[in-house]
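Only one chain is included here, represented as structure tokens and corresponding to the form predicted alone.
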């Protein structure tokens, strides 16, 4: 009885409009969730999906070769242009480069991520994390143009080969058809090196995250049961860390697939998908063909993401 009297004597807070609204949302959690997600979902639908829909619609138009105007009639004539030998070569060249950069990034990133996640002491781990993230703090363009100077005929790499008396090896590499050129800054090999450097952090971090999630108890249990370190790595650590590799490959593959600055700064006159899109919507004014070319990496990435999802990559993001 005394407790009831004490509760009745406690002053109740004033029922302000804000409190009433808060209490109403508390009693309706579904509407609360909807109100929180309404703005970002509207943004996604209008800006992201809306722009993709407009892009897809533009790809079905065509450019009149006589007047130079866009004919807004739905058809597949623009997509037919994608199947010419020159355009197929561009798509294949870009896809092969993206795949090569992804494989090289995984081979370089995994040992670094493995040591950082499993063996590095705390201070060294912090330093390695900073070393991986530090390039991302500088301008993308600054890094690309710096590499152009490094790879140039008068750059430091050529100077080192001359200093060691190995210039003949460098000239032999540059003479290889398909990857060489007059110098590293005008070759597929130099472009490949810059791509790997620029996107390597996006491969290292997901692999680190996946390796840090591997329970030590599984590794210790494998050792207690007599498994050798190689067997433990191959049958326990690598399968559990593989989704992180696939997750990193999503970044490296997609970013290489759509980049147009590195092929424009480093490399020869051969076009990549990003350069074609940039040139067609800019200089040429052929918006439908630019949109059709943009659909190509979108389709490739959709297929890639479906495969990555089946491999459990999204769990490592």
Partner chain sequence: MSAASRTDAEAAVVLKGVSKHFGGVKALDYIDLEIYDGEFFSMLGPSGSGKTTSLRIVAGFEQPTAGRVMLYGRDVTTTPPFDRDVNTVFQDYALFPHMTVEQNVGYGLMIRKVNRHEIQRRVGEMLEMVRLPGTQARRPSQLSGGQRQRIALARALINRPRVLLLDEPLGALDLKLRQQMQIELKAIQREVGITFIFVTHDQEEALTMSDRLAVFNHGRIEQIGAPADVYERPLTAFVAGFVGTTNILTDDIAQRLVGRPAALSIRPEKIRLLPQGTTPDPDQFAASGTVRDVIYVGMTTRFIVALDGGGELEVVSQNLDTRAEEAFAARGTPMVAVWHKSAMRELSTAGA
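Numbering follows the first chain given and starts at 1. It should be emphasised that the depicted structure is a prediction, and the values quoted were computed from it without experimental measurement.
Below, we refer to the form predicted in complex with its partner chain, which is not included among the displayed structures.
Novice: Tell me, please, which stretch of 127-135, 229-237, 141-149, 82-90 lies within 4.5 angstroms of its partner chain in the predicted bound form when heavy atoms are compared?
Specialist: Single hit among the candidates: 229-237.
Novice: Tell me, out of 222, 158, 78, 187, which residue has a non-hydrogen atom within 4.5 angstroms of its partner chain in the predicted bound form.
Specialist: Spelling it out, the residue with a heavy atom inside the cut-off is 222.
Novice: Can residue 173 be called a contact residue for its partner chain in the predicted bound form at 4.5 Å between heavy atoms?
Specialist: Close contact is absent here: in the predicted bound form, residue 173 is far from its partner chain, nothing within 4.5 Å, heavy atoms only.
Novice: Indicate whether its partner chain has at least one heavy atom within 4.5 Å of a heavy atom of residue 99 in the predicted bound form.
Specialist: No, residue 99 stays farther than 4.5 Å from its partner chain in the predicted bound form.
Novice: Would you please decide whether residue 153 lies within 4.5 angstroms of its partner chain in the predicted bound form, comparing each non-hydrogen atom pair?
Specialist: The answer is no: residue 153 has no heavy atom within 4.5 Å of its partner chain.
Novice: Taking heavy atoms only, is residue 218 within 4.5 angstroms of its partner chain in the predicted bound form?
Specialist: Residue 218 belongs to the contact set for its partner chain.
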